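What follows is one chain in structure tokens, specifically the form predicted on its own.
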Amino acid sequence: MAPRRPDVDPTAAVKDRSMQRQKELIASYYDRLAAVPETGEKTVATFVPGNLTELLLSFDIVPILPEINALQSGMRQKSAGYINEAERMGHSEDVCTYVKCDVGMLAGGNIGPTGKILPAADMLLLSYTGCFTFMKWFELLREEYKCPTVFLQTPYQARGEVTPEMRQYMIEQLKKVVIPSLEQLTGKKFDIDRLREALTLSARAEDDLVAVLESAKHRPSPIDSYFGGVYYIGPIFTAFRGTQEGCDYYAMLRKEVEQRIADGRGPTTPEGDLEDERFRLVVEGPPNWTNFREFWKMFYDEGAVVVASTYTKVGGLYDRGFRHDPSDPLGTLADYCLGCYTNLSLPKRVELLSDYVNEYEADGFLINSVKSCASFSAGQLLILREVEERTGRAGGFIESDLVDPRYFSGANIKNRIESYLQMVDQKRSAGVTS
């Protein structure tokens, strides 16, 4: 690691300017939510995969993102109490811990991650993308908020492709169900030109994000595309896609990463720059949030850099070529929902992971199987075997959870990671790939 400056608090995490800016943006988002009772803005609860942020912006609606609330609560060590409260209310241990965190937060007065009261949702907008739990979650929220619920049904890519019929079905729902519901909620007529403006800004930010993610093809990689990637995807996956603030953030981030490449620097970690890239990995599955920094340290202590991950694609597979297209506003929203990672079939997920291993010249790939997240964890052992066979690279398997600290065993996970990397190193030294 590069040494810290003597004036830096040794317990504080080192952050690039882009990471600090991301934190500021998220804080401003929660401030805006907290101010809704005074501003009178309308709110719509929705989810990250397949969200229609640009459409909501065109109606001056503030999105509420329940899973973002949960992960932010987990990072701030608040989720355990919320989960315990939800279980006291009768929710099973096997229920998604994002859901239980959200339910427990509501039961405690709906105090958000930053300590400010969040507003009630005026509408629930579910663009279903591969996670059945989302539907059950919104049933619970509907009971709480007593507000209209709009369901944008997204056909699953069971055969690994999007057909013209699937796309048209989505467009018709947008025209006949979603947009009229938003007009009724806000009292405003749909303005397609405002939507086009937001989509233009989205595409610009998406270009810069892809450049950042693909910078990991360099040696050394200037970024960590899993842990560091969490910071990078924050604005575009929440409330800032389609905004000038979002564009400014990604332009700054791209410039920062390009400078790291020019300087030959590795990624930033909480303890400084990683100076010795010993392993290049691809990771499947969401990270653990309650012990995020401890989890990250297990990797950078071993010189392991994640050069590609599937989690950073849950809000859009931009690196596979998708961009929001202002020339076809409703069609591009349909394409976005249909193409999200959690809406891909298992064979397509295997194909994507295998491509990442090869394109980023990874030494191996690791699966973090999350106990309560069926949309990611189902089929992961099959994925492990298939990717190993296709790439000739060794796979590893660890288990944790999203925001329930009871299912994060630091010693066990650390031992597994160390053993896995030792195996990778031995095989690499012997010239064996699998």
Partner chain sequence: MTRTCQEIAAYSERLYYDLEFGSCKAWKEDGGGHCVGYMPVYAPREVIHAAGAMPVGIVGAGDWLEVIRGDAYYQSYLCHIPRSTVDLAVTGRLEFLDGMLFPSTCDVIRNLSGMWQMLRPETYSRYVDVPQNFDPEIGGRFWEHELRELARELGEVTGTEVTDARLRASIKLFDENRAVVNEMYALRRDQPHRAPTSEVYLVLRAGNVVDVETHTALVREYIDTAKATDRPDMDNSRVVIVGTFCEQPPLGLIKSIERSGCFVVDDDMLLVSRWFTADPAPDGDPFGALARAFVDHTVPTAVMYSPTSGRGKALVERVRRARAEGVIFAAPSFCVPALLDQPMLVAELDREGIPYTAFKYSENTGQFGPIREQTGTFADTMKLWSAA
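Computed from a predicted model, the values in this text were never measured in an experiment. Numbering follows the first chain given and starts at 1.
The protein also exists as the form predicted in complex with the partner chain; that form is not presented, and the subsequent description refers to it.
Among the candidates Val162, Val177, Met75, Leu317, the residue which, in the model of the complex, approaches the partner chain to within 4.5 Å (heavy atoms): Result of the distance check: Val177.
Ala251, Leu346, Met298, Ala107 - the one with a heavy atom within 4.5 Å of the partner chain in the model of the complex: Checked against the cut-off, the match is Leu346.
Contact test, all of Tyr156, Ala378 and Leu381, partner the partner chain in the model of the complex, heavy atom 4.5 Å: Every listed residue reaches the partner chain in the model of the complex, so yes.
Non-hydrogen atom contact Glu183 with the partner chain in the model of the complex at 4.5 angstroms: Result no; Glu183 lies far from the partner chain in the model of the complex.
Residue contact check: Cys131 to the partner chain in the model of the complex, 4.5 Å heavy atom: Within the cut-off, so yes.
Contact test in the model of the complex: Val36 vs the partner chain, heavy atoms, 4.5 Å: Val36: no contact with the partner chain in the model of the complex.
4.5 Å heavy atom contact, Glu361 and the partner chain in the model of the complex: Glu361: no contact with the partner chain in the model of the complex.
Residue stretch of 303-311, 231-239, 139-147, 290-298 approaching the partner chain in the model of the complex, non-hydrogen atom distance within 4.5 Å: Heavy-atom contact with the partner occurs in 139-147.
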